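Heads up, the chain below is alone and in the form predicted alone; it's given as structure tokens.
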């Protein structure tokens, strides 16, 4: 599985954040704030949690405000990856009221979205606490936001799957169909894979799994959309010969029983495509 960092250099995040700011300000900037707030007005705003969860997106929110106005004084009180309670102040921003209001929505959009992902991931991870299974995300991310959404999974205690098509070989059912079967697709993958690239293959039944094991080429097997009892049999068949990953229909209410099958990884697209935004607000 791929490894990411829980904090990232600002230079990596800035282009994404600049795009979001430009989208919000449009051609003419914040015409409401310019109309009603005196340019020399200063204020202290507080980014507050309105419900409990796990924090993510503070680094992104800080960069947002400083890209708007480098003179703003931004202080983070609850860091990314830490729990928060309803009513907690996560960040304070002091300086030009105009600048704070210009950055408010972009900062909140990022922080709420990412904290929601971290919170949902933490709930999944909690269901695995009596096992060695690890929760991972997938490529089912919001276009353009993958790096921060995967970072939010780390903040919630999860792990990252591959970041994109270029950093691992993951052979899915459509690859198998187009290539002419499991044996053919594995042999082709082996012929081109460097020693630095793992080969993972998806199977949806024990007969396919047996064929994968007989080839002795893959490093990881993705056990897709299997019932819990079938997963147990699959893990027993593998017997440590491959890294095992369960995926497909991985809901929160199922994670406990799936982690008990002995699989090493449980991947869920829901972490990034179905997380509920954490309710955060910016209060003057």
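Residue numbers count along the first chain shown, from 1. Values in this document were obtained by computation on a predicted structure and should not be read as measured data.
There is another form of the same protein, the form predicted in complex with a further copy of the same chain; it is not shown, and what comes next is about it.
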Would residue 245 show up as a contact with a further copy of the same chain in the model of the complex if we use heavy atoms at 4.5 Å?
yes
Is residue 27 close enough to a further copy of the same chain in the model of the complex to count, meaning some heavy atom within 4.5 Å?
yes
If you check in the model of the complex, is residue 224 within 4.5 Å of a further copy of the same chain, heavy atoms only?
no
If you check in the model of the complex, is residue 147 within 4.5 Å of a further copy of the same chain, heavy atoms only?
yes
Which one, 207-215, 85-93, 174-182, 72-80, holds residues whose non-hydrogen atoms are within 4.5 Å of a further copy of the same chain in the model of the complex?
174-182
Across 180-216, the residues having a non-hydrogen atom within 4.5 Å of a further copy of the same chain in the model of the complex turn out to be 185, 188, 189, 190, 191, 192, 193, 194, 195, 196, 197, 198, 200
